[in-house]
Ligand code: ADP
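There is one chain below, alone, in structure tokens, taken in the form predicted alone.
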């Protein structure tokens, strides 16, 4: 439904492009997440896709038709493409119900009420329909922001760091709800985040960007298990170099190493730190004085003690 074709954008006074020759496609009813560290060009690319910023070169094709640039329109954007931001963009002083109805001013009263009731239900806001925005929590405000964006039945939602202001539990609940909302609304999403947990939970496919360039694209399992390089691998979780053990530059994820005293192939390491993560612990270990390793343990370990560590050879990461 969406084709991003060779998009490039450089801001005035800068030598490096914010976006450099990026191309990809989005399917119907798909959630595609763009990830990368700060300054990688994610938000700039999203604004270009939304028709809010003109690229220096390339084009965005939506349902077979190239999108117009902002200066070519009276109102920037596309009626079937809506954006959701981290700062909510709701009408202060209005109730939840009034906020949604405000987005439906061009429709008759019967449809306006029917659509508002539907959105209140699917976003879980029905109990709060009469509350004003200053009476809502951050999670409820973001649900309202999503309901407003969905009001006139867009086909594509662009979401720019929409959950960054929320606490972890509220964020997780909203991400789980988002999958159900998408199924009900039959809408596609391009989602921008720097939070790998959010990305892994919500996505069908992922794109990793660095310095404006698309480095890797793939499904969640492809990006996690078959990263193209060390940078992409480490973005999705802690990895360890096995060089001090195998003599080769091989890498493995922290969760694929374990303490295993009975394994004849295990390696002795020294516990340097032990951090509690609730029912599991993150250990930092040293080997041959200068090599540092991360593993997870079900038991707390004493700093300075010697432990035997093995790894799953089938889980070694092979960078292409």
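Here the structure is a predicted model, which means the values were calculated and not measured. Numbering follows the first chain given and starts at 1.
If you look for the form predicted in complex with this ligand, you will not find it shown, but the lines that follow are about it.
Proximity of residue 51 to this ligand in the predicted complex: non-hydrogen atoms within 4.5 Å are absent; the residue sits far from the partner. Shown alone here, residue 37 lies within 4.5 Å of this ligand in the predicted complex, counting heavy atoms only. The closest heavy atom approach of residue 33 to this ligand in the predicted complex falls outside 4.5 Å. Proximity of residue 15 to this ligand in the predicted complex: non-hydrogen atoms within 4.5 Å are absent; the residue sits far from the partner. A single residue from the set 266, 286, 69, 43 has any heavy atom within 4.5 angstroms of this ligand in the predicted complex; that residue is 43.
The candidate stretches are 292-300, 20-28, 305-313, 7-15, and the one lying within 4.5 Å of this ligand in the predicted complex by heavy atoms is 7-15.
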